[in-house]
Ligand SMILES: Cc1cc2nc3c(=O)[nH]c(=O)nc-3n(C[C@H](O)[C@H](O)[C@H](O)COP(=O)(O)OP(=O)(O)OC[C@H]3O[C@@H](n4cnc5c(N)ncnc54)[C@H](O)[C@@H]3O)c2cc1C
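Presented as structure tokens, the chain that follows is alone, the form predicted alone.
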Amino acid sequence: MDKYGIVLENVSLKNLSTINIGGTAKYLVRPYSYVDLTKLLDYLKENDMKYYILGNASNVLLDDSYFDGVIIKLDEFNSIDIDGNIVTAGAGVMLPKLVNVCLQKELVSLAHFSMIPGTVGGSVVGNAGAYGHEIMEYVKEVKVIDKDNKIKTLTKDDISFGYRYTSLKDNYIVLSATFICEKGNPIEVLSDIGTRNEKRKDTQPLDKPSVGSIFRNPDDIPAGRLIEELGLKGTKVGGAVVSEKHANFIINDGDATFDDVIKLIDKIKKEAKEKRNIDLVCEPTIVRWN
């Protein structure tokens, strides 16, 4: 596998997750290029090896048991190309970095996402959002690998999407995304976004290990308010705790396990159903190796 990328063995995934939960993977591979990734996927299929594509794991809860397979990280896909108001970024580019590069070119559309600690690939797949905007608003096209291991380009019209969802999930591997951005005054935008980001820091436990919002907002009430009204702030299972700062965050209090978080999620869902007849839906992807 080393001819297709950087290969590491017996890698702890705990430090690759924003909630600091994860087991050990037999291999971790960072492919050098798009073509190398297709060759790696062919190799894994021929050798009947399991794999999982992992971004920054900021919206992913990873099983903490042993993964007898290959974690693929697209960190080497980190180019940013700007042509006028058209911006193309590799799947491994972190969103805050992309925002900063765009603002230097007076392109302001993606500034809403400056606080999202995710990669371009993961954010596009999950249609990440902030401040009433979703990243698919600005997508022009996405370069992907399909299930036949072919590299192709999908236009925005080829992709179904909605709240924290796109049809890319489980169907394609995102290699890069191209955005249409508007010109604007970066100083004004930075001032506005800075004010909102400071408010976000004051109201969300961004300094604690978490996977961000744990539930999607139901139609009639924000999930955080619902959980708070149910009296569940501060509820603890093992090392997993419902944040006192924002009830829609489960934080790792130091030694939380995958099972601790799952049990706490299930407890909240049960209370919401029994007391308010609301079916809460998890926002992060929950990954079980079996």
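Because the structure is predicted, anything quoted here is derived from the model rather than measured. Residue numbers here begin at 1 and follow the sequence given.
Keep in mind the form predicted together with the ligand is missing from the figure; the text below concerns it.
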With the partner left out of view, is V261 within 4.5 angstroms of the ligand in the predicted bound form by any non-hydrogen atom? no
Applying a 4.5 Å heavy atom distance criterion, does I53 contact the ligand in the predicted bound form? yes
Quick one: does G129 come within 4.5 Å of the ligand in the predicted bound form, counting heavy atoms only? yes
Does P117 make contact with the ligand in the predicted bound form, using a 4.5 Å heavy atom cut-off? yes
Scan C102, I214, L74, M136 and let me know which has any heavy atom within 4.5 Å of the ligand in the predicted bound form. L74
Of these, 165-173, 151-159, 103-111, 187-195, which stretch puts a heavy atom within 4.5 angstroms of the ligand in the predicted bound form? 165-173
Taking only heavy atoms into account, state which residues of 80-97 are within 4.5 Å of the ligand in the predicted bound form, ordered by sequence. A91
